[in-house]
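Below you'll find only one chain, the form predicted on its own, shown as structure tokens.
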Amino acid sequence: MIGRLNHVAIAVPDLTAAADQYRKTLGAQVGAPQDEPDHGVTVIFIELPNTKIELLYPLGDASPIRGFLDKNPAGGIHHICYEVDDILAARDHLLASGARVLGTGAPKIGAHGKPVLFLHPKDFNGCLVELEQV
């Protein structure tokens, strides 16, 4: 059901410093900051030959990333994102298998302009999983 790894998301306490570290220290291709108000984050994508890194920074005090950074002040891996061909079919299969979909279960539009869902980390070995329809 899942396809390729789309990205690994890292919550960061300083978005500019993190972007500079990837750009200057690692020589990576770093995109521009992009506000995602529906998700409460500002993101920057780092393009790699085989996937992406998504830097996450809180957008507003109600951001879920704010809570993550309160518990992990230095930042850290927040979630991994897998691609799926049909997000509704994937959701229905996961629910039938006993997995929990966060929120209402209805896909939201993610940072790439495509439908996404998040799966409860307790159902996936402590890892928050995002699914993105391709």
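Numbers for residues come from their place in the sequence shown, where the first is 1. Just so it is clear, the structure is predicted and the values come from calculations on it, not from any experiment.
Only in words, not in the display: the form predicted in complex with another copy of the chain, which the text now covers.
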Using a 4.5 angstroms cut-off on non-hydrogen atoms, would residue 51 count as touching another copy of the chain in the predicted bound form?
yes
Since only the chain is shown here, I'm wondering whether residue 20 would be in contact with another copy of the chain in the predicted bound form (any heavy atom pair within 4.5 Å).
no
Residue 107 versus another copy of the chain, in the predicted bound form: is there a non-hydrogen atom within 4.5 Å?
no
Partner contact for residue 74 in the predicted bound form: another copy of the chain, 4.5 angstroms, heavy atom:
yes
Could you run down 1-30 and flag each residue that has a heavy atom within 4.5 Å of another copy of the chain in the predicted bound form?
1, 2, 3, 4, 5, 8, 10, 11, 12, 13, 18, 21, 22, 24, 25, 26, 27, 28
